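In structure tokens, one chain follows: the form predicted on its own.
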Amino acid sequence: MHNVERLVAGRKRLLLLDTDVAGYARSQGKTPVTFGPTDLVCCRTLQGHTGKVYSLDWTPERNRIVSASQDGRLIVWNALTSQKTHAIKLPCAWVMTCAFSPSGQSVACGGLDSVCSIFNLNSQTDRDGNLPVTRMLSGHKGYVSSCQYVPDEDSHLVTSSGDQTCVLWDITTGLRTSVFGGEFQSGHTADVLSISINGSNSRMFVSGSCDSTARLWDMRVASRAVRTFHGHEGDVNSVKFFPDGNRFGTGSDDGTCRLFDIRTGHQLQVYYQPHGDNDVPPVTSIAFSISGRLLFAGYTNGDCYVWDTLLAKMVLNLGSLHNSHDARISCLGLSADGSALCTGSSDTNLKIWAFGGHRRVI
């Protein structure tokens, strides 16, 4: 009996390799997720930045957000009250990325100064009321585009850069532990724009680049990428692991999001909404819901699509809802418990969207 089950499972797997996931799901009678008017609503607008919001990150314990803006500041927010707990004036105003440490005690940021700066939120402010830099991670030869702490470790962090490399840092010493790419042939051939560390196996991470590819890396083997993923026809602006750790999503200048399988290297699905004028807005940022059934994608025209990942169907556009952003969506992220989405925009605001109605989390 077990052999028969294995054969059937094997056939199903082969079927999945030859067809897109949505086609298979439809053939199995799956129906799209539906949204009522109160199922996902903007419950809070965070106002305080005076420039475009470029990046945001939630703390693992859910209720705080750090944001980075063109105004040269990081702001730490209490997402439940909209209060600002910290406003950090940066030594270099040209910030592009920010991240919370797993403990929520520190934040990291990077940008055009090619440095990743660490701030301990518990430090004493100086005479001018500014929080001092705790550690500067120097070594990149190009802008720092993205940073993420290794899960459950405040001591290690991964950055991506315009110098075509990613770096694993030891924050305690301020030194580079490993460099991924660069002179190695299997590395990216253009600026690296985004990284995502696998939540199920924190030694693995994926990177997205202006070379139109995504690459999978093992932190223990810096000399070569484990796998390179092709399919996009433009810069890969955003990469994010699927909750199960076996797949990851991408968002690109070509206007599509895609889903890839890290074990087979196959592209499983394309998420694309045709526009009448053939002018497809680039995807700036993506995030998955906690189950992976939904993919949130922000676009340069201010749209924020909610995709049903299984059926590749756009089931909601937050950009068309009451109280949506007035400009480009530059970044977005889901709270650790999956109950809220935060979006950041060129309109200088962040918005928190909460699941309500008959569903709290999807």
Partner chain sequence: MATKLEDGAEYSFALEYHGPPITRNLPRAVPINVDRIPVAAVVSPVTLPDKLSLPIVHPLSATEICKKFSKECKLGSSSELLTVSPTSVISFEPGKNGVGEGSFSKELGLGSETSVSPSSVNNAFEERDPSNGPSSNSNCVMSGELSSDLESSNRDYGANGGNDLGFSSVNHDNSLEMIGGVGSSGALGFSDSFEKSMELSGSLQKRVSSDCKERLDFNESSQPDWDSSESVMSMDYPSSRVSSCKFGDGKNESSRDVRRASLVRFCDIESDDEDTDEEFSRAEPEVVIAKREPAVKVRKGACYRCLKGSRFTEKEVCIVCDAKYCSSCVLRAMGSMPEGRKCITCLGFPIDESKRGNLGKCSRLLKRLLNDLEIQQIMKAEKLCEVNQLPPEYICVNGRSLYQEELIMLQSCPNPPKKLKPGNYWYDKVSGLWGKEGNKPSQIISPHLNVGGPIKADASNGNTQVYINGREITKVELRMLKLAGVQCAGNPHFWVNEDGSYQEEGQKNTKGYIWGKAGTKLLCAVLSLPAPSKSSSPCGEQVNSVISRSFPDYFEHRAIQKLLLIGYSGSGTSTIFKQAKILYKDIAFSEDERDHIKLLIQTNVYSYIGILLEGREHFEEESLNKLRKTSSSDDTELTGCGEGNVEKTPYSICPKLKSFSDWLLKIMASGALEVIFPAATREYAPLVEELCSNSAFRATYNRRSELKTLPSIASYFLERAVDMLKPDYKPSDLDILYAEGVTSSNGLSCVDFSFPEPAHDDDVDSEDLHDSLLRFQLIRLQTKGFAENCKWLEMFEDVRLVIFCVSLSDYNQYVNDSDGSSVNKMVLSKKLFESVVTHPTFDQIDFLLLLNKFDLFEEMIEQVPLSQCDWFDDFHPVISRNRSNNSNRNNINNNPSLGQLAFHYTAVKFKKLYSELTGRKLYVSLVKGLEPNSVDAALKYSREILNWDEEKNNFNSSEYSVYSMDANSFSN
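In this text the structure is predicted, and so the values were computed from the model without any measurement. Residue numbers count along the first chain shown, from 1.
Although not depicted, the form predicted together with its partner chain is the subject of the following passage.
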Candidate stretches 233-241, 255-263, 285-293, 215-223, one within 4.5 Å of its partner chain in the predicted bound form by heavy atom: 233-241
Among the candidates Ala297, Cys331, Leu46, Ala312, the residue which, in the predicted bound form, approaches its partner chain to within 4.5 Å (heavy atoms): Leu46
Proximity to its partner chain in the predicted bound form, single hit among Trp169, Phe100, Phe248, Trp77 (heavy atom within 4.5 Å): Trp77
Lys89, heavy atom within 4.5 angstroms of its partner chain in the predicted bound form: yes
4.5 Å heavy atom contact, Met96 and its partner chain in the predicted bound form: yes
Contact of Trp58 with its partner chain in the predicted bound form (heavy atom, 4.5 Å): no
Contact label in the predicted bound form: Arg26 to its partner chain, heavy atom within 4.5 Å: no
Residues Pro132, Arg176 and Asn198 all lining its partner chain in the predicted bound form, heavy atom within 4.5 Å: no
Contacts with its partner chain in the predicted bound form, stretch 127-160 (heavy atom within 4.5 Å): Gly129, His140, Lys141, Gly142, Tyr143
